[in-house]
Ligand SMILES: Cc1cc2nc3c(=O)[nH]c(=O)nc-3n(C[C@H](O)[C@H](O)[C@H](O)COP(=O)(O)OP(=O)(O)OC[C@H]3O[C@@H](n4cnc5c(N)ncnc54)[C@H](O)[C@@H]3O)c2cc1C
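Quick setup: one chain, the form predicted alone, written in structure tokens, and binding and motion questions come after.
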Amino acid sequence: MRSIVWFRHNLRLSDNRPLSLAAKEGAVLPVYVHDPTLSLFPDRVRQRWRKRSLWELDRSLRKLGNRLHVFSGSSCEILLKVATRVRAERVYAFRGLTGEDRALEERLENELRKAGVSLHLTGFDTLYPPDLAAEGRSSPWKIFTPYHRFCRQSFLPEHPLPAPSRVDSLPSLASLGGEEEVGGAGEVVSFVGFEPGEAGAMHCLREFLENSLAGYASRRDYPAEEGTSRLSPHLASGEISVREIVQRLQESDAPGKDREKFLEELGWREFSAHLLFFHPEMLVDPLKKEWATMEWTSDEAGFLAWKEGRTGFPLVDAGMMRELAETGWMHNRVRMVAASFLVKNLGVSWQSGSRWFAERLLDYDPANNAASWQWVAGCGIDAAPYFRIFNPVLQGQRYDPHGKYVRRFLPELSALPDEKIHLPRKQSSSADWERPASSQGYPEPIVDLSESREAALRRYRRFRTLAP
């Protein structure tokens, strides 16, 4: 049996069902296609990560007697051409979640069938089936808590599959034409705090389980602490499966409350995938349809200041200007505060913020990103109420009380005392407070928090009154 394994968002050997099935049946041609038609937003940042991850995957395959074949262009056209060229009988792959993914799969299956090749989609690369309808109904779940409870009670997580011990290559395979170089060690880009690839993902998981899982429930909201898993970029690229993570989590001797809290966070990821499966339009349209009439501001100057980390609010700026720009990642608590500030204090649409994160985050996941932005804006399913507006000053004082996070990413504010480092001068109740000379280049606040909060509430109340 000659098979193609189509690597998509599963750049790993372990717990890779398409690869395991194909390797058992005979010779395998591993293929990855850069398909620009499948991305709604530019992904220059992730292209660098993906190049490194593909290089790592190719190295792993070579140790098993094979190699990775990389192409750019239409997935359908390339896979059909390659399958015909190598006389493949099957193409194996995971199913995709987005509307574009599913349309591609249908088109590819039809074209391959005409050529005598079968497409085998081996389920979704998720913990729970995203096409799961609500209990007793044909519609999707709308509230996270009953969804998560039902899944935990109804599905025992599958044990992750081991990596194949060998992946036989197709005999006497000449150059396929149109292939791209996977890259070499000299071309590999380093990333601050991350190591792309399956080995890097497993190392990250071990570090989390050994050093950060204990205390996760209480420490995960504090951006200055090593309290989160930092697995999100690896999950987004499929360098590790969620089943692998859950298996290792269950084997951990960390306190039960910490393991349960982390499972709950993984559950939100599953819930987002569930929502995207049933609502593929959620990447650009509100889940609550009436929100399509919501009027947003056109504050281009404010939006630019937010993107560049020049809002004058240290917690927001430390995340946007420094952590995101320098590492391609941002702590989840800071993401929520920054998103709330954009949507509610500045009145800029959630779609604008969602698009910016999609372009800049190493861990961009279509379902997670859209669901999170809609949660903050209030237009999503099981979203935060419209009147919940994160105060960046109070959030900083609560979750970064000693200013360690702000000082790490905004060193120009390092001379400020703890009690004032999150408090912009115009918001200070102390009339005689003057900033140290070292912080004079830091911008003044672009909005008044009280005034912008009241303006947001008026805007939301007006919308609720006029909404159909």
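Residue numbers run from 1 along the displayed sequence. Quick caveat: nothing in here was measured; it's all calculated off a predicted structure.
From this point on, the text means the form predicted in complex with the named molecule, which you will not see here.
Site annotation in the model of the complex: the residue of Y364, F124, W291, F303 reaching within 4.5 Å of the named molecule with a heavy atom is Y364.
Think of it this way: in the model of the complex, the named molecule has a heavy atom of just one of V91, L213, M330, I240 within 4.5 Å, and the residue is M330. Contact check for K307: no non-hydrogen atom falls within 4.5 Å of the named molecule in the model of the complex.
The named molecule is not shown here, but in the model of the complex it comes within 4.5 Å of a heavy atom of R335. Within 4.5 Å of some heavy atom of the named molecule in the model of the complex lies at least one heavy atom of F262. Taking the partner from the other structure, the named molecule in the model of the complex has no heavy atom within 4.5 Å of any heavy atom of V82. Residues within 4.5 angstroms of the named molecule in the model of the complex, judged by any non-hydrogen atom, belong to 262-270 and to none of the other stretches in 393-401, 128-136, 283-291, 262-270. Contacts to the named molecule in the model of the complex (heavy atom within 4.5 Å) from stretch 212-244: Y216, T228, S229, R230, L231, S232, L235.
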